[in-house]
Ligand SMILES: NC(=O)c1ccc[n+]([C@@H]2O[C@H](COP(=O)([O-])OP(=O)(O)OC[C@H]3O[C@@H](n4cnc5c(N)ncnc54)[C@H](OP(=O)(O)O)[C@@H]3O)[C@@H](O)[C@H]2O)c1
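Quick setup: one chain, the form predicted alone, written in structure tokens, and binding and motion questions come after.
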Amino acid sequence: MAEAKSVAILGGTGNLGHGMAVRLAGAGHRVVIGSRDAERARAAAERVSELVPSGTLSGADNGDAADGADFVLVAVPFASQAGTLKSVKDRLREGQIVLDACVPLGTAIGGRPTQLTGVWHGSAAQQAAALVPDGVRVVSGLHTLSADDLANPELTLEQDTLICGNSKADKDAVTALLSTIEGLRVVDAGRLEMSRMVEGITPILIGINIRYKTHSGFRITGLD
């Protein structure tokens, strides 16, 4: 497999964070689950270890989790994104890649999960880029993956995830990381500003899931 990386998952006690911890640990990466409460993070890491006994997992508060990680995955609800990034700002370092999975769903302002709320910066990912220190790069992705499917290590995904970012090298690094997850294909969807459209796919899939009582995914046809 590709070289093992260290990944901090901020919001790792939530559904998406848990699912990504399962998949990344299963792919052989070193995963640190972050939370505002270090004890809660350690308990979440133990739960993932039960599903992935061979994984390398630990739990810590968000700042300690982010400190020194190769990648920092932001998997918190959009309403918590700004506060989370501000709380770890002094622990992020130049050259680190923040993988932002936030979607500005209507639930952030008391609306429905099938709605998007406006973001002054244009998208959740662009807001993240405005909040991290200079030299820390932001790539967005994982918006269309089912947390329930991710949390089942026996299930092959057979899905795509669209990533957006302003640096090809950063997107290549994220692609190398995520491609170690069996059945997950990574598709470059363009610059970070394109995340505004990509984030909008999430409420569409949520609506499909509600109507059809399923866990829908996303696949681009016509690619090798």
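All residue numbers are counted from 1 along the displayed sequence. All values derive from a computational prediction rather than experimental measurement.
The discussion below concerns the form predicted in complex with the ligand, not included here.
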Pick the stretch from 126-134, 89-97, 76-84, 111-119 whose residues have a heavy atom within 4.5 Å of the ligand in the predicted complex.
-> 76-84
Verify the flagged residues Ala21, Ala25 and Asn152 against the ligand in the predicted complex: is each one within 4.5 Å by a non-hydrogen atom?
-> no
Consider Val139 of the chain shown here, and say whether it contacts the ligand in the predicted complex, taking contact as heavy atoms within 4.5 Å.
-> no
Contact test in the predicted complex: Arg185 vs the ligand, heavy atoms, 4.5 Å = no
Any of the heavy atoms of Pro203 lying within 4.5 Å of the ligand in the predicted complex?
-> no
Is there a non-hydrogen atom of Arg42 within 4.5 angstroms of a non-hydrogen atom of the ligand in the predicted complex?
-> no
Checked 16-48 against the ligand in the predicted complex; residues with a heavy atom within 4.5 Å, sequence order, are Leu16, Gly17, Ser35, Arg36, Arg40
